[in-house]
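Given as structure tokens, the chain that follows is alone and in the form predicted alone.
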Amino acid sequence: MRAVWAFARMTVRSLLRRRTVWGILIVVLLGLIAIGHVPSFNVQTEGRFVLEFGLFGLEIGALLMALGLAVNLYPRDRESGTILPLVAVPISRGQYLMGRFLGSALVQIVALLVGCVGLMVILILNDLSIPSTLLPGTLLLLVEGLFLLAVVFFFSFWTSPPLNVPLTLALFVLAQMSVREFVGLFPQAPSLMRLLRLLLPHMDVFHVKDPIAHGESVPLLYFLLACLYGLAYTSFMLSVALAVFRERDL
């Protein structure tokens, strides 16, 4: 485990030297600032608007951050030959994957927390109240971001970066759909589509921006179960990614 954390720290330092991470974070913060300056009819409507679109902006930021952090990590290591001496002696393939994932996850978590603090500042500057469920809601977005990060790693082991991006985006969109919307994509085979939707992750469980914006209470048990659901799917995707990685010819 010590080797994994040491490699994770190396990954964090490497990622922080890239302009992609800082660029995405700046874009997210600028988007939040722009949301805070959109005029509204009254204070109550403005508060709902800022919260809903602010949390939506954080969700899109998590998606962009996952792509920006991980889409080129393994391909770049393979093309440069860096991965060969790493997995030959110092670390195993599993330690390589976990080190890269944990390092990327740390950067993503800090970036999303910065975005959450930025959203709080915007609410305060607009004389709007900060709901008590904002931090738990952000926690769900963090879990969703970890899942997306695992998805990007999975695709990176058997596709190229230009193909990884649309595949991740497609899964992101499909996982947001309800059963009815998903069946509508191919209504000729409703039973098959329902089965496929059952197998796909239900990322809508992470989205509580509507009740948060309308001041509705969300049970603590819901947050805990949603976090466990997301972490379980993240672990599953990492396991599948490791299985694919072990079969790759470096």
Partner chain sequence: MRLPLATVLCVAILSLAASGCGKRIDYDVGEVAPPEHLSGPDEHPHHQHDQHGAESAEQMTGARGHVHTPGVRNHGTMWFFNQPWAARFIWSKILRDSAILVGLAILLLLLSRHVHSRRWS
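Numbering follows the first chain given and starts at 1. These figures come from a predicted structure and were not determined experimentally.
From this point on, the text means the form predicted together with its partner chain, which you will not see here.
Site annotation in the predicted bound form: the residue of Met193, Val218, Leu32, Leu63 reaching within 4.5 Å of its partner chain with a heavy atom is Val218. Contact with its partner chain in the predicted bound form, judged by any heavy atom within 4.5 Å, is made by just one of Leu185, Ala189, Val27, Leu198: Leu198. Put simply, Trp22 is far from its partner chain in the predicted bound form: not one heavy atom of it is within 4.5 Å. In the predicted bound form, none of the heavy atoms of Val173 sits within 4.5 Å of a heavy atom of its partner chain. Contact annotation for Ser178: at least one heavy atom lies within 4.5 Å of its partner chain in the predicted bound form. Using a 4.5 angstroms threshold between heavy atoms, His214 counts as touching its partner chain in the predicted bound form. Residues in 107-125 all lack a heavy atom within 4.5 Å of its partner chain in the predicted bound form.
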